[in-house]
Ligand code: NDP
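Before any questions on binding or motion, here is one chain by itself as C-alpha cells, the form predicted alone.
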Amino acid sequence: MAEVMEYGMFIDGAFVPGDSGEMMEVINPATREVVARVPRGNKHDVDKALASARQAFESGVWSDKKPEERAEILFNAALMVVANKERLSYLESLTSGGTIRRTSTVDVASVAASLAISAALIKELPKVEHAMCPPWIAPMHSYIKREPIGVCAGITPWNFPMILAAYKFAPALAMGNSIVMKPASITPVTTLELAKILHDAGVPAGVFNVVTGPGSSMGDYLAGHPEVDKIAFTGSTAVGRRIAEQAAKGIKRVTLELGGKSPLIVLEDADLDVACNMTLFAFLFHSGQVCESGTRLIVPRKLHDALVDKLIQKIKKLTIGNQMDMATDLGPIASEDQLNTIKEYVRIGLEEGAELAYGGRVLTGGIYDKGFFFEPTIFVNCRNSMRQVREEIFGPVQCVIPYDDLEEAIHIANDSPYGLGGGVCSRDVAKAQKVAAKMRTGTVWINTWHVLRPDVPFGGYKESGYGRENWYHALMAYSEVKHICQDLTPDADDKIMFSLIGLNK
C-alpha cells in the first residue's frame, strides 16, 4: 500500500491546516484503501479564503494586470499542467475511479486547453467598444468596457474534478477575478495540485484558493456569503436549486450546470454498428457517471431487438476493473453511496415493469469485492413515464424506448425536465441536423457523444441549469459590462440634456 498523502487547504498562496484540525479521508474506489487526507473545513476556513481572495482582488495585483499579462501567466500554467501530466492523471484516476487511459489523455488535455484558450481569447477581446454618436444628439463619447466581477466561488462534483474545476477557474482568472474553489469532499486532491501549479506559474497569492470539506455545509455557506460576487456550480439539480436560492438573497451572478437524462434518437437509416458503439459510449463512459450521459435510447421498433442484441454482445467484451491499468475499459463507481443509488434505481425499474435485458448487478469476486463495481445494465420495455427513465441515475444504466414514427421519437426526447445533452444516429446528414434542431438541449451530438470542447459553449436547457461554460460565453459570464458616457460640449448652457429640466436658462 502506498504512503497516504497529506494536504492542507490552499489559501493565500500556501497550503495551510484547517481551522478545526480534523481531517477527511480520500479513498481509491476500486480498493477502498485510504490514499490521502485533507482538512475537514468549516465556515471559518471559508471566511479566511474569501478574505484572502477579496484582499487580492481589491489590491489590483491580478485584476489590474493587462489582459496580455494575465494571458502569459495562464498559458504558462497550461504548459505546466502538461508537464505534470503523469502525476495529475495518476491522482485523478486514483481518487475518482476514472480510467488512467482517459485521465492521461482527455482530462489533462482539457485542463490545459481551458487555460490556453481562455488566455488566447482575452488577448482578442476588444478592450473598449465605442458606441455610435447619432447626429441629433449633442457630441458625446460613449464606450463600453468589460471588468471583472470580483470574488468568485466554484463548487465542483466528484466525477471530473480537474476538468470541471478548469471550466470555472480558467475564465474567471482570465477576466481578472479572484476565486475560491470548493471541490467535492471525496475528490479534492487534483484541485489542490492545480492550485500549486497556478501559483508556480505566476498567479499571485490570494487570487486562487481551495477549501476542502463537506459540501452540505460549506457549499451553502459559500453560495450565500456576502463576499462572493459570482458562483458557479456543477452538480445535481436539487443542490443547484438550493445554491440558486442562497445566491438570490445577495443577487449574485450564478452559473449552474446541473443534471441530465439525455436522449439518443436512432433513425431508421442508421448504421447498426455506429448506433451500437455510439450508444455504449454514450452511457458507459466513466461508468455512466457523466451529467450528459445518453441514458434514454429511443430506437425504431423494427431495429429494437437487433440493436439490443448487438449492445449486449459488445458489453461482454469490455474489461471492467482496476482504473489504474491501461487495459481497463470501465473503472469503479466513485463511492459506496453512488453504488447504492444505482442499485435502488434498478430496483425501481423492475418494480415499474421494465425488463432487464442485461446486467443489473453489483459485480463480485476478486477485485470487485474490494471496490464499488456495477455491471453495465440495459432495461427494455421502458416507458418515458417511468422513474428510472425520467430521473438521473448517474451510473451505467441504459433505458431503451421503442418508437413508431419520428415525430413520436422527438416528442419522447423532449418530454423531460432536463435538457443538457442529446444525440442523433443517422447516415442522412440533412435529416440528422433537422432532428437535432428540434431537440431542446444545450448540446446535440450526431454519430458521436461526449465531445465537450473548450472552444464551444456547454450548458443546459430547463432544469439542467443556466449559463454556459467554455469559449467566450464563459468569459462573458465572469465579467461585468460598464458603459461610460462623456458629454463633449464644454459649456453648461450648451449641454442639451440639462435643458430637459430648464437648467440652461
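Computed from a predicted structure; not experimentally measured. Position 1 is the first residue in the sequence shown; the rest follow in order.
Another form exists, predicted in complex with the named molecule; not displayed. Remarks below refer to it.
- Proximity to the named molecule in the predicted complex (heavy atom, within 4.5 Å), stretch among 374-382, 98-106, 311-319, 217-225: Going by heavy atoms within 4.5 Å, the stretch is 217-225.
- Task: Report whether the minimum heavy atom distance between E392 and the named molecule in the predicted complex is within 4.5 Å.
- Result: Because a heavy atom of E392 falls inside 4.5 Å of the named molecule in the predicted complex, the answer is yes.
- Query: With a 4.5 Å heavy atom cut-off, would you call K182 a contact of the named molecule in the predicted complex?
  - Reply: Result yes; K182 sits at the interface with the named molecule in the predicted complex.
- Message: With a cut-off of 4.5 Å between heavy atoms, is G150 one of the residues that contacts the named molecule in the predicted complex?
- Response: It does not: once the named molecule is placed as it appears in the predicted complex, G150 has no heavy atom within 4.5 Å of it.
- Task: Look up in the predicted complex whether G259 has a non-hydrogen atom within 4.5 angstroms of the named molecule, and give yes or no.
- Result: Result yes; G259 sits at the interface with the named molecule in the predicted complex.
- Contact residue in the predicted complex, chosen from G206, G235, G419, G349 - any heavy atom within 4.5 Å of the named molecule: Result of the distance check: G235.
- Let me know the one among L330, I243, L121, A113 whose heavy atoms come within 4.5 Å of the named molecule in the predicted complex, would you? Residue within 4.5 Å of the partner: I243.
- Message: Pick out the residues of 260-298 whose heavy atoms come within 4.5 Å of the named molecule in the predicted complex.
- Response: Only C291 sits within 4.5 Å of the partner.
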